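The form predicted alone is given below as one chain in structure tokens.
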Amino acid sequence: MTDIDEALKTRATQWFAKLRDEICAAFEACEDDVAAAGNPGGLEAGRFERTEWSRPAGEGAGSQGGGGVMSVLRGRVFEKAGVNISIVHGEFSEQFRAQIPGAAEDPRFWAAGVSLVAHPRSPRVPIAHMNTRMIVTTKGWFGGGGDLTPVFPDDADTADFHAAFRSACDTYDADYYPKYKKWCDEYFFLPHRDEPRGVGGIFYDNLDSGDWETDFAFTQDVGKAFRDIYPAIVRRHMDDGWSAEDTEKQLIKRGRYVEFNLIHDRGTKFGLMTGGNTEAILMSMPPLAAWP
């Protein structure tokens, strides 16, 4: 495994936890502030509940160690929102080594990150996903991104969501945003239905410019961009009422979300194939979904 200073790993994991705390606070503030029209059931404001998980360290091929913390909210704005932290290490199994940069030479790995999925109760509030991560094998890199999946697309929401990520990208490289937007559009696509999952965002992986500090700063700014823009979009729509027909459309859109995450998502496959916590990995699943 590459010789990346333990202090750098610590800084990355501390940032992921800090970002988790800030996003959780923003979501809970939305729970506190929603008006009656956005809470027709008269539900109480939700709060994140944290559950730690761990896996015992082993030896040899496929061995694992580390753990994480699940933070899950079930409330009146967010029917289900999860913001998870993981810090794991071990060895990749033989069947998985060829798929990960640097793992064929040495199967040992270390990975840490924060992963978020929000399934709002209101069909008028868009579903959202975000994650950022640091992975170390014989190579080391960052990855992540965020995307928006509205049931009812809103041009202003889409424009502002993309503008937030463009601003984060342009600070570092003018090529980042168009490249990472295209990567997102191509990645979050359901080929079996020939349709995008949502209205996009950015997606990046294997980011290793040779300057760890700059790559880490960029990864932090991606997280900050999501932290700031998504709760603002939630607040635009969380007080709106909705109909039973709206809910039916929401459940079908959630079904598409399930299809992508179980069939195509690399993060889901990575977690399951490296012995991660199943409940944490499948946290992205909505509480209810439907198929026509």
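Please read these numbers as outputs of a predicted model, since none were measured by experiment. The first residue of the sequence shown is number 1, and the count goes up from there.
FYI, the form predicted together with a further copy of the same chain isn't displayed, but the following is about it.
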request  = Using a 4.5 Å heavy atom cut-off, state whether H162 contacts a further copy of the same chain in the predicted complex.
outcome  = no
message = Within 4.5 Å, heavy atoms only: does D21 come near a further copy of the same chain in the predicted complex?
response = no
request  = Mark I263 yes when one of its heavy atoms lies within 4.5 Å of a heavy atom of a further copy of the same chain in the predicted complex, and no otherwise.
outcome  = yes
query = Is there a heavy atom of A290 lying 4.5 Å or less from a heavy atom of a further copy of the same chain in the predicted complex?
reply = yes
query = Based on heavy atom distances of at most 4.5 Å to a further copy of the same chain in the predicted complex, which listed stretch, 219 to 227, 232 to 240, 43 to 51, 253 to 261, is the contact stretch?
reply = 253 to 261
a further copy of the same chain: the contacting residue among R74, H89, K181, K139 in the predicted complex [heavy atom, 4.5 Å] = R74
query = All three of K80, R193 and L282 touching a further copy of the same chain in the predicted complex at 4.5 Å, heavy atom to heavy atom?
reply = yes
